[in-house]
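To begin, one chain is listed below as structure tokens, in the form predicted alone.
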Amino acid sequence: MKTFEGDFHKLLDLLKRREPFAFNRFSDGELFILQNKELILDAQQVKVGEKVTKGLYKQEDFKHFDPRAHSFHRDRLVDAFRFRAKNYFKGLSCRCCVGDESFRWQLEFHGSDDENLTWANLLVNGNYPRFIHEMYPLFNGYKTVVVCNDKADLSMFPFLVKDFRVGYNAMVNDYGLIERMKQWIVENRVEGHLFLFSASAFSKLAIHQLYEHCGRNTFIDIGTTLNPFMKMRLDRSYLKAFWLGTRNADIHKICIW
């Protein structure tokens, strides 16, 4: 039986055994893009399809997906979502976070359920303390590459051997970086490394293409989990609850399948 904690420990065990894998997360923003809905996240507005609400996003989080202009990038996201390979794990937006209808839509769009489908929230909410106490220390045993926003401070990462930077709306604006990363892997004969991605929707395209290109490395979409170590904002409720002690149920939430 699939469980929130059990799937976390599946990835943890692969890290401990140094067996390469990829964990690619498709959260609600990627869900809307897969559904071909216009998506705008900025300081003025949040727009999903025809629905518009007040914007609260900082520049590093700005995102705009226009179905008419960005069909190529959406197609690459579909490729990443439907790609199947050994140890290629895909995290979906779960029914307790996006509702039954959207959850079922993902499964139908994927084509079928399979054992490598898991939660997009696998490293956060009720699993975040496990991530910090059990998974994060393992990164020190790897030669680690970090892919993140150009505003992030990586001086607190002693395990870092290389970083690649992206700006806002990176899925569109920084797409060419994927080829440069492939070249770096080939030129330096990179194997057994750990790649950590904190680069919004760009991460999904890069993780798929890099894992397909060289599956002898491990690729993890860490999202905002290491923001406290990167001097980035603690604006997610699970981060505020864990690091600042604010009261929020998300830090105890066990997402359901």
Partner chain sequence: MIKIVTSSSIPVGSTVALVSLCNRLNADGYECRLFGPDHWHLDKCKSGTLAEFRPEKGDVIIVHDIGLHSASDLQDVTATIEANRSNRWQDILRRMVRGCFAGVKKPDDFTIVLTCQGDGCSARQTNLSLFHKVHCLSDAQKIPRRGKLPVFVCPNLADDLKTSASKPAKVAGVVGTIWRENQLELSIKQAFEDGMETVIIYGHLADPIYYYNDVRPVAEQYPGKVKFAGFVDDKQKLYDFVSDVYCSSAKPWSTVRVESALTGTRFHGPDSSGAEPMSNERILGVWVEALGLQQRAGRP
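Just so it is clear, the structure is predicted and the values come from calculations on it, not from any experiment. Positions refer to the first chain, counted from 1.
Although not depicted, the form predicted in complex with its partner chain is the subject of the following passage.
K.L.:
Of R216, K37, H213, K231, which residue is found within 4.5 angstroms of its partner chain in the predicted bound form when only non-hydrogen atoms are counted?
P.N.:
Contact residue from the list: K231.
K.L.:
Looking at the partner-bound form in the predicted bound form, is K86 within 4.5 Å of its partner chain by any heavy atom?
P.N.:
Flag for K86 set to no.
K.L.:
Answer for V186 alone: is it within 4.5 Å of its partner chain in the predicted bound form, judged on heavy atom distances?
P.N.:
Close contact is absent here: in the predicted bound form, V186 is far from its partner chain, nothing within 4.5 Å, heavy atoms only.
K.L.:
At the 4.5 Å heavy atom threshold, is S112 in contact with its partner chain in the predicted bound form?
P.N.:
Contact with its partner chain, no.
K.L.:
Going by a heavy atom distance of 4.5 Å, is Y136 a contact of its partner chain in the predicted bound form?
P.N.:
Because a heavy atom of Y136 falls inside 4.5 Å of its partner chain in the predicted bound form, the answer is yes.
K.L.:
Judged by heavy atoms and a 4.5 Å cut-off, are R82, G167 and G192 together in contact with its partner chain in the predicted bound form?
P.N.:
No residue of the spot touches its partner chain in the predicted bound form.
K.L.:
Could you tell me which stretch in 74-82, 91-99, 152-160, 176-184 has residues with non-hydrogen atoms within 4.5 Å of its partner chain in the predicted bound form?
P.N.:
Going by heavy atoms within 4.5 Å, the stretch is 152-160.
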